[in-house]
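Only one chain comes next, encoded as structure tokens, the form predicted alone.
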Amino acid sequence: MPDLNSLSSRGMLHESWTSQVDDYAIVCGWILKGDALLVGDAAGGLNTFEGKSGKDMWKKKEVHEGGLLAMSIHPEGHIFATAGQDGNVKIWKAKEGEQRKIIELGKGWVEHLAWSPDGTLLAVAFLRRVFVFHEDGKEHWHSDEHQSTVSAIAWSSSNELATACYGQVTFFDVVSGQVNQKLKWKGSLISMALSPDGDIVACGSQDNSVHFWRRSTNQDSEMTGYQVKPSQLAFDQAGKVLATGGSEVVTVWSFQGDGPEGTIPGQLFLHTVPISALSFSHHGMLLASGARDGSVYVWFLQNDGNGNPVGGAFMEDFIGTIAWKPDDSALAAVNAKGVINVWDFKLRTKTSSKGFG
């Protein structure tokens, strides 16, 4: 078990429970409407813990030969999908941990999975193509080959899927199979986030910049000056702001009014090494950030992108994923040593007060 002294928390984060898995914990998420936490590790292990106590519920080892690469939880939390280096996608029952369906795509890595907002379809990026499957594993549609390996996928609606690869973002109508829109830019796109209304597309680029487009106007802009590749991008639930990694500072761009063009972004200073994870709460303007040294902070943001810290903790190693409980009453994080930590989050009345203690 990890050293509990290293997990001391401050502010509105209150220690709830901690546990350990066998390998590098790369992803976590809440299942069964927040009653349980699911953790996937690099060796292909799946571990499920009771949400309030951290008690073991079920575990599986080496579910993908060569290792686990991606996991996506159904919006209702009763099933989830995993993928790995073996070229397979597996759909599981969340409560029992039973395999429901295996989809064999072939030789190659499967690194990106995403359930549609209504949960009826599962998108899978495999090499230069994207496949869409029904919940029962039956294929619904697949794209033609992209010009390079698909680097990111995201649903703009339950019928429209966005893909990113070298030089462009493409929006597909998965009902008709038609291309709705192509947004071109000469560069290698490595990450992507869509605003909740699907109009704003933000992509992190290999050249340490963030490029974004407004679909409704075809306007595009570039945000430069990042120290490393900005792989972490997150919009709040209302689409007011975009939080980005790319350095030890969380940079937050406001899309209010005429922004972000010609405006100064908010900058959140506390981490001392580059950001490795970002996650907005399901309600309100709370942002959780994690870094490569294991530091975790929660920030209360304003519409202009500025904000104040309201809680913090330390987990000693690279933070892989941060996940808010569906009702935002708790926050989970996992790290490279296989440590899982869950904190209760208790919001005070005056959330905009400076600092935390």
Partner chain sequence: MAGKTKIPVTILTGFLGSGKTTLLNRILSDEHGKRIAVIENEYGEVGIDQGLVINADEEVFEMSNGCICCTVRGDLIRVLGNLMKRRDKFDYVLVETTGLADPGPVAQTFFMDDEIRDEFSLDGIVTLVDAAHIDQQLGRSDESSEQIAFADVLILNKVDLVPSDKLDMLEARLRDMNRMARVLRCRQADVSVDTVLNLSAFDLDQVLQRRPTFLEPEYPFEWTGVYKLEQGRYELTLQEGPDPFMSMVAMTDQGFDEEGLIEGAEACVRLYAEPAECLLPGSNIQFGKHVSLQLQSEGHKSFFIEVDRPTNLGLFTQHTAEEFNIQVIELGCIAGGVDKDNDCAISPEKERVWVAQHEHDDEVGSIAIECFGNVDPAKLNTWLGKLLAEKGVDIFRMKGYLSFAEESRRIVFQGVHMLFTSQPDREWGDEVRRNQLVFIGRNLDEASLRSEFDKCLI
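Numbering follows the first chain given and starts at 1. Being a predicted model, the structure only gives us computed values, none of them experimental.
As for the form predicted together with its partner chain, it is not shown, yet the points below apply to it.
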{"property": "Its partner chain contact at Gly187 in the predicted bound form, heavy atom, 4.5 Å", "result": "yes"}
{"property": "Contact of Gly66 with its partner chain in the predicted bound form (heavy atom, 4.5 Å)", "result": "yes"}
{"property": "is_contact(Glu111, its partner chain) in the predicted bound form, heavy atom dist at most 4.5 Å", "result": "yes"}
{"property": "Contact test in the predicted bound form: Phe49 vs its partner chain, heavy atoms, 4.5 Å", "result": "no"}
{"property": "Contact stretch among 36-44, 323-331, 298-306, 50-58 - heavy atom within 4.5 Å of its partner chain in the predicted bound form", "result": "36-44"}
{"property": "Of Glu261, Asp220, Asp199, Asp207, the one that lies within 4.5 Å of its partner chain in the predicted bound form (heavy atoms)", "result": "Asp207"}
{"property": "Heavy atom within 4.5 Å of its partner chain in the predicted bound form - residue from His271, Arg215, His74, Lys229", "result": "Lys229"}
{"property": "Residues His14, Phe314 and Trp343 all lining its partner chain in the predicted bound form, heavy atom within 4.5 Å", "result": "no"}
{"property": "Residues from 145-161 in contact with its partner chain (non-hydrogen atom within 4.5 Å) in the predicted bound form", "result": "Ser148, Thr149"}
